[in-house]
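A lone chain, given as C-alpha cells: the form predicted alone.
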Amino acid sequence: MDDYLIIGGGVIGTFVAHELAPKGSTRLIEKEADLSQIQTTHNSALVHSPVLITPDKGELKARFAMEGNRYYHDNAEKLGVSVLKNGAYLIAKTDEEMDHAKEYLASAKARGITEAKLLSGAAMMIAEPNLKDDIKGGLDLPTAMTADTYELSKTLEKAATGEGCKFHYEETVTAIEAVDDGFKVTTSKATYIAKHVINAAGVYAEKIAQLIEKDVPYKTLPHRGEYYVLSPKARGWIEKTLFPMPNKITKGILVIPQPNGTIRLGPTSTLQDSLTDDTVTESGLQSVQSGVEDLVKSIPMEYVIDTYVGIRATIDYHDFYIKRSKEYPNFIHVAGIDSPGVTAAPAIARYVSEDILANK
C-alpha cells in the first residue's frame, strides 16, 4: 500500500510529489505521455507579484501567492530552474486607474508587502520606450518573474524520484473505490492501493472526484485563454511583464517575456463547456492583439511563431479548493487551481502536507 497516490502530473501534482516523497511511499499517476502537457505549459508561466493577488480574490490565493513568490526567489537557482527575474509593470491609462493603482499599493502595505512603488508614465517609458504615450503611470512590481514550467515539473520529478516516488505516464484513472484503510485506484493499465489519494487533476478534478464521491463540492467552469508567441527575435521590444489594470472578471491581456527569450501575448478568458476544446479562434487572437495594442505602440507581429489555447481549471468556488473530502477524509481535493497557480504551487504542496494531511 502506498502512503500517497497523486492524480495529476502538472505543476501542482509534481510539487505535491516533491513535498510528500520524503515523508512516505508516494506514487503519481498522469494520463498524458509526459508531465505538464495541459494547463501548466499552456498558461502565462507567471510568478506573480503578491501585490496583485489581493484577499478579495481568495484568502488562500493571496496567502500562497506571497509564500510562493518568496519560494521561487529563494529556490529557483538551487533547483536549477530557468526563471526570468524581469519584474512587471501594472499599467494605468486614466486618472481612475491611477487611483486603483494607489489602492493596490495601500492594500499591499497593509499586508506587509513593501516591494511595489508608484511610477509616472514618463518614468515607465524610460525603461519601456515602446509603451503608449498616453499612459498615466502605474505600479512597479520588481519581484514578478516568469519560469520555465515544463523544466520546473521535470526538475521536481527528478528530486521526488530520488526520494522514492514512482511516476506513471499514459495511465487514465477509471475507478476509485474505498477499501479498508484506504482506496483502490484502477487505471487503464493497473490497480493500486493507497492510504491517501490527492486529486490534483486540474480541469479533470471534478471528474476524478465523481469516481468516489456522491456529491462533489464544486463544479468545473473551464475558461479558455488564447495566446500569441513571439520568437526570441523580438527580445528587447518589451523587457518587463506588462499588466493592464485588472477588472473583476479577468487580469486582462498581458505582455509576458519568457526565460527562453520568447514573449507570450494574452490570454483571453472565455467560459466554455468543453474540457478539451483548445481550438485557436480568429476572434480570440484579435482580442489579444487589441488588448496588447492598448498598452504598446506597436507589436512586431512578423515575429509570431505560435498560437495556442490554455484551459484553466476554474471552479464555482471563490478560492482554491484544498480540503479533505467530506465523504472520505483521506481523499484530498486540490481543485480550482487557476491563476495564480504556478506562483502558489510550492505553497499549495506545503499546505497539503503540513495543514491538510497532518491534521484530521
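Values in this document were obtained by computation on a predicted structure and should not be read as measured data. All residue numbers refer to positions in the sequence shown, first residue = 1.
Form predicted together with a small molecule: not shown, discussed below.
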| item | value |
| --- | --- |
| Options 109 to 117, 80 to 88, 189 to 197, 167 to 175; stretch whose heavy atom lies within 4.5 Å of the small molecule in the predicted bound form | 167 to 175 |
| Residue contact check: L52 to the small molecule in the predicted bound form, 4.5 Å heavy atom | no |
| 4.5 Å heavy atom contact, D338 and the small molecule in the predicted bound form | yes |
| Contact label in the predicted bound form: I38 to the small molecule, heavy atom within 4.5 Å | yes |
| is_contact(H333, the small molecule) in the predicted bound form, heavy atom dist at most 4.5 Å | no |
| Heavy atom within 4.5 Å of the small molecule in the predicted bound form - residue from I299, A45, A62, I322 | A45 |
| Interface residue in the predicted bound form among Y71, Y227, F183, Y104, criterion: non-hydrogen atom within 4.5 angstroms of the small molecule | Y227 |
